[in-house]
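This document opens with one chain alone, in structure tokens, the form predicted on its own.
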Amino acid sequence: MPSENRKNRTKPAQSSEVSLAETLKAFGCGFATTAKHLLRKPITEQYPEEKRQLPPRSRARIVLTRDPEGDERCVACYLCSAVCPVSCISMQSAQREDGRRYAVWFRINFGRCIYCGLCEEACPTSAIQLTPDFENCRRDILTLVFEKQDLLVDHGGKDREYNFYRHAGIATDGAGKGAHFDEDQPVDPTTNLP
């Protein structure tokens, strides 16, 4: 009996039969899209001859900037090297006779740098900044290690008027504590005693 029931069953009708007209219409739409794009002007950029203007906030090559007086902004605080996730920044600090700190040497290995911008965010003096200059391809990997003289530029970068020593409250030959721009005199901690 069960075999007779199987023989008597009819196949259910397919409700989604595709006609030849619908198939040709789908092919026609696809070819029309292709033909439309074939007639457009190409948008390929001829890179070495034509260079795209990148937005000012793009992050690429790192530079060391100067303050408005022309001195180096870097005070060798080691914050950029501490925050760097790949440890590509190193430096050595020293202090001048007038009380200003500076980096004796400053080194960045662009072969390891991931251009994340954390060093720029961590820098309290706006000394280290990322520029849109992205053409940094070299055949020899050792030439990707940049020294301080390779990184130092003669301008203030994005914030040209900022001077760390005017606002930091650090005693230098230029001014003592409490004598800097828009700064109050230091508080005597003994006045807080009961």
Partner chain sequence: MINWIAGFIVLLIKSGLVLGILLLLASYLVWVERKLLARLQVRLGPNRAGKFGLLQPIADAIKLLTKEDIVPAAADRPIFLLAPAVVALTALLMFAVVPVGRDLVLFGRSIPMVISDINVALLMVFALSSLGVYGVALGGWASNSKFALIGGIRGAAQMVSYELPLGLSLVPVVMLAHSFSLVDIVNAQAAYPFILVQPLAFAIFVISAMAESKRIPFDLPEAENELGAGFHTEYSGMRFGLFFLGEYVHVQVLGALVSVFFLGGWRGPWLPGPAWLFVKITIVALIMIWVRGTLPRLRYDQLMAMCWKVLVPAALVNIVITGFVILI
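Please read these numbers as outputs of a predicted model, since none were measured by experiment. The term rigid core refers to the most C-alpha atoms you can superpose between the two forms while keeping them within 1.5 Å. Positions refer to the first chain, counted from 1.
Not pictured, yet referred to below: the form predicted in complex with its partner chain.
*Can you check 121-129, 66-74, 141-149, 28-36 and let me know which stretch has heavy atoms within 4.5 Å of its partner chain in the predicted bound form?*
The contacting stretch here is 28-36.
*So in the predicted bound form, are Lys51, Leu54 and Ser58 all sitting within 4.5 Å of its partner chain, heavy atoms only?*
Checking in the predicted bound form: none of Lys51, Leu54 and Ser58 is within 4.5 Å of its partner chain.
*Using heavy atoms and a 4.5 Å limit, would one call Ile43 a contact residue for its partner chain in the predicted bound form?*
So Ile43 counts as contacting its partner chain.
*On a core-based superposition, does Pro132 travel 2 Å or more at its Cα between the shown form and the other one?*
Superposed on the core, Pro132 moves its C-alpha less than 2 Å between the shown form and the other one.
*asked:* Is Val145 displaced by at least 2 Å at its C-alpha between the shown form and the other one when the rigid core is overlaid?
replied: No, Val145 moves less than 2 Å.
*Note yes or no: does the Cα of Gly30 move by 2 Å or more between the shown form and the other one after the core is superposed?*
Yes; that C-alpha moves by at least 2 Å between the shown form and the other one.
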